[in-house]
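Before any questions on how it binds or moves, here is one chain, the form predicted on its own, in structure tokens.
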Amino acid sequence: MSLEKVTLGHGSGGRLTQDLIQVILSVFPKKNLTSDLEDCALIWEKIGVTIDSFTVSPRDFPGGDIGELAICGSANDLAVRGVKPQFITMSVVAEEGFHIDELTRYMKSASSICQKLGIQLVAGDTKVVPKGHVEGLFITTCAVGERVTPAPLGMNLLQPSDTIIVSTSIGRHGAAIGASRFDLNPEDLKSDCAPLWPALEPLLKIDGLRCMRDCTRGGLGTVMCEWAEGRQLGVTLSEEGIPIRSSVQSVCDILGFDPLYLACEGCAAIGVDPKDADKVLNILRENPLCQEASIIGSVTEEHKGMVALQTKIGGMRVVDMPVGEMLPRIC
């Protein structure tokens, strides 16, 4: 692999991000690495741990802010593996001159999500760097919790004919950030930034639940590519079944984005045995955040390692992992 310099594309969550991760991992002996590259790692089979950094711009966006995002992002990585978020550590890197009032406001947002989920802040760190060395504020969170499912969830459990579901409409976080940056004001467009645990916990008792994934950077399309490539099975999606709000589609039409690759911050992709698909849908729709939950496709033994999208006009297109960066600093 040839990689001389890091580019913004390496932060896209897509193919270049995978390349960068491989460069980092390549210097570690295999005995020092976890074998699965899911949203969170399971240590001692029971304890889930994850870490994420947040550099979103703007820090305040329709539907949330960087403080709320920092807790939801890491807590959701645990939730999709059936791990109850319980503890969190937080590192704050602030630029010299950053207003204390603004920092306090973001910490109140973070605290509110912690209280809602029963998460305890157990450790932290602060750094202040000279003006111009970072843009405002970066937050890193590391979340820890205990797995509550009898066995670990993961894409390794996916089987041919499994049903794929999304918990809500896609692309709202990415569209909200894009609209803010380009001074667009679509009616009713807000980020979907929210904690997923309350919506996903009731699913954990379903025997046919295979795996779940938080559709953040790279969006739904990247998650589907990771599942297809990781399991060497095909995934077929139905464009008709994928819920996309008109406000998100309008932003995509103006800015040239593909909603399949726009980031979400409160949307999970779910793989489930088809006999349990309706049960999953019904449970999800009992949560106010998941009224748009939909069946969007299935796993197949055809076109192994690839994702195919059945279009609304009856055609078929390949959904590939994105190579470049549509919108940097989105989460």
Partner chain sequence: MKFINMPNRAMQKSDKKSNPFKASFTAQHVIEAIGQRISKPLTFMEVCGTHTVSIFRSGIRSLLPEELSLVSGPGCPVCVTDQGEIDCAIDILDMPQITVATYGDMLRVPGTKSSLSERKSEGKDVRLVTSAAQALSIAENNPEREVVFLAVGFETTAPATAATVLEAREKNISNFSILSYHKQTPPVLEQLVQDPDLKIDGFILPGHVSVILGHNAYRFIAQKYKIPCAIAGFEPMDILLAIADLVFQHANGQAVLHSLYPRAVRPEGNQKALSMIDRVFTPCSARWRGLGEIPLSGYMLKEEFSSFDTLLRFQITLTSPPPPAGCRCGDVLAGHIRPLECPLFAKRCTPMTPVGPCMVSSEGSCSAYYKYNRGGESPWKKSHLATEVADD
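Numbering follows the first chain given and starts at 1. Since the model is a prediction, treat every value here as computed from it, not as a measurement.
The same protein also has a form predicted together with the partner chain, omitted here; what follows describes it.
Which single stretch, out of 23 to 31, 53 to 61, 37 to 45, 285 to 293, brings residue heavy atoms within 4.5 Å of the partner chain in the model of the complex?
In the other structure, the partner sits against 285 to 293.
Give a yes/no on whether residue 125 approaches the partner chain to within 4.5 Å in the model of the complex, heavy atoms considered.
Result no; residue 125 lies far from the partner chain in the model of the complex.
Answer yes if any heavy atom of residue 256 is within 4.5 Å of a heavy atom of the partner chain in the model of the complex; otherwise answer no.
Contact check for residue 256: yes, within 4.5 Å of the partner chain in the model of the complex.
Counting only non-hydrogen atoms and a 4.5 angstroms cut-off, does residue 278 reach the partner chain in the model of the complex?
The answer is yes: residue 278 has a heavy atom within 4.5 Å of the partner chain.
Partner proximity in the model of the complex: residue 144 to the partner chain, non-hydrogen atom cutoff 4.5 Å:
Contact check for residue 144: no, nothing within 4.5 Å of the partner chain in the model of the complex.
Which residue, 198, 186, 136, 241, has a heavy atom that falls within 4.5 Å of the partner chain in the model of the complex?
When the partner chain is considered in the model of the complex, the option within 4.5 Å is 241.
Candidate from 156, 91, 249, 149 lying within 4.5 Å of the partner chain in the model of the complex - any heavy atom:
So the residue touching the partner chain in the model of the complex, by this definition, is 249.
Contact check for 316, 320 and 329 against the partner chain in the model of the complex, heavy atom at 4.5 Å:
Every residue of the candidate spot has a heavy atom within 4.5 Å of the partner chain in the model of the complex.
Determine the residues of 215 to 229 with a heavy atom within 4.5 Å of the partner chain in the model of the complex and present them in sequence order; the list may be empty.
Only a single residue, 229, comes within 4.5 Å of the partner.
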